[in-house]
Structures are given as C-alpha cells and as structure tokens.
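Okay, here we've got a single chain as structure tokens, the form predicted on its own, with questions on binding and movement later.
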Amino acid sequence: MQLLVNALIAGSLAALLSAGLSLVYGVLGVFNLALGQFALTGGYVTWWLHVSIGLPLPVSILGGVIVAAIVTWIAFEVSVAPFYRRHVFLPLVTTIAFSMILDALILLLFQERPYSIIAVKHSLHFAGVYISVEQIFLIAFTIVFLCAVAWVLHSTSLGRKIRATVQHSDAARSLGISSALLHRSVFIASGILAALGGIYLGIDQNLTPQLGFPLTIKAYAALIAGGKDNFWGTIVCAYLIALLEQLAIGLPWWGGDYIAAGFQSVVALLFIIVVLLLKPRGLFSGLRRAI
C-alpha cells in the first residue's frame, strides 16, 4: 500500500511536467528540453522568497510561478520563436543550449547543496501508510489543477482556438486567431506547469541543480508513451511510470535482494523502449483527441 501512495506522490509531480510537454508538442509540434530547468527556477525562487526573505508561502509560490513564466517567455523568444517554423528539430538543439545556461545560473546562485521549501512535514500514519499533510494537499491540488487545464482545453473558447490552430493554423489565422500569440501563450503555460512541478518537488523533497535533466526525461517518457499530443494519455503514463519505479525498487527481486534507489531513473528509459517496440505511436494513439 505504501508503494501505491508513493507512486501517487511521484506521479503527480511527473503529471504536472508531462502535461506541459503535451501542450507544447500538441500545439507547436516541438520538443522543449529546458522544461526541467523551468521547474527548478520556480522551485528555487519560491524557496528564496519563503526561506531567505521570509514571505508567506502562498506569496512565495506566486512569485516563483511569475519568475518561471518570465524565464519561459524569454526562452521562447530566444530559443524557439526564431527556429520552430524552419525545422522541427532546431528548437531541440536551442532549448538544450538554454537549459545548460539555466543550469549554470542556478548552480552559480544556489550552489550544489539541497534546499527544501518546507523543512518540517506534518506526517500522518494510518493502515500502515505514511503520508504527510503537505503530500495530500499536493496530490489533491495536482488532480484538480490538471482537470481545470483539461476543462479549458475542451470546454472554452480558448480551447477551441487552440484546437483550431492545431488542426489547421492557416485556416485559424484566416478566422482572426493569432497563431503566434497562441503559441507563445501555450509555451508560457507549459513553463507555469513546470514551475508548479518544481515547487511541488521543493515542498515534498529537496531541490538540487542536478535534477533538471532527470525531470525532463521522465516527463518525455510519459509524453512518448501516452501518444505525444494525447493530453490524458500522457498524464496516465506519468502515473504508470511512477508506479513502475516504486515497484522496481520497493519489491524484493531474485534472492530477496532489492534494487538500489539509484537505478530508479532507468525505469522510465526502459519503459520508453518497450512501448516504442510494441506500439511506436504510443499506448493511447488509437484514442487520440486533438489538443
């Protein structure tokens, strides 16, 4: 039971990040490899405002989200907007470069030691399961927030504009829909989702500069396995990968030995390989609905 709860906690973090990737790929058709650094930006700024400056946590979270949104907007203008209409793979290279710049800045400003936004957790114990009040709130917030994003996509005029741009950008432009503005807004929204994931990580665990790339890889594993622009498929796969990771290190294997926690990140990579071998278009490719 504890493994299932741990999977729900880790899956909620992955779902926030992979949902942002799904939006960007579904609308722009590009891969953003700076997503993990956007997450760390939101987390570190929130930590600095709350712990170093002493601002209330809600205000600090808002500040972290705003700064991450600004950084994401700069990333779009510098590393995506000049390139993504020329070739789909150019932003892949430029966002890697931008992510390395952000890694260097984060390391310069905060060094390598871990930081936690909330140092003391309020733990609960029932039915053999340990979980904190903060984790319960984070899980509930993630589920409600992602449902709200899905509602915007599928039940509002903004969502209809996004889907129209995805299906035929030229036709949408002829109807007065600014595809450039829409692309920019969606990219910034993905950065906000990533920032919330980084804040989630900083509250639940610790922030370190080395986490940027692993966060991105896990989110991409869910994106590819879910069918790229299948929003709900991506989220389901984020939780599925988290569950497989917990089972891999939490259950005894041959001879009663356990796999070291350091190999946990390998699960996402193996999951991608297996899914691509069995179903190259993703597990939910047959149930696709345009974003």
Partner chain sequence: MDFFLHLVVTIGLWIPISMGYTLLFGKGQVMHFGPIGVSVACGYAIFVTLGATGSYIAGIAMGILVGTAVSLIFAWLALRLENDGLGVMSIAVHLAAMVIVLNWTDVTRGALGIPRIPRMPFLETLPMFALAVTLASLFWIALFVWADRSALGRQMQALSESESFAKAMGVSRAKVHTIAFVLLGLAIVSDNVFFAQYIHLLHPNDYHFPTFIFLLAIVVAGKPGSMVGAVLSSILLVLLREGLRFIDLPISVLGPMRLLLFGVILLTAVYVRRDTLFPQKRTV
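Note that the structure is a prediction, hence the values are computed from the model and not measured. Residue numbers count along the first chain shown, from 1.
Just so you know, the form predicted together with the partner chain exists too; it's not on screen, but the next bit is about it.
Annotation: in the model of the complex, residues Leu8, Tyr130 and Leu240 none come within 4.5 Å of the partner chain through any heavy atom. When the partner chain is considered in the model of the complex, Pro82 lines it closely, a heavy atom lying within 4.5 Å.
Taking the partner from the other structure, the partner chain in the model of the complex has a heavy atom within 4.5 Å of a heavy atom of Phe213. The partner chain in the model of the complex comes within 4.5 Å of a heavy atom belonging to Asp103. Using a 4.5 angstroms limit between non-hydrogen atoms, Tyr258 is distant from the partner chain in the model of the complex.
Of the candidate stretches 137-145, 84-92, 156-164, 191-199, only 84-92 contains residues with a heavy atom within 4.5 Å of the partner chain in the model of the complex. For the candidate set Val27, Val65, Leu33, Leu49, a heavy atom within 4.5 Å of the partner chain in the model of the complex is found for exactly one residue, namely Leu33. Of the candidates Val149, Ile96, Ile118, Ile177, Ile96 is the one whose heavy atoms come within 4.5 Å of the partner chain in the model of the complex; the others do not.
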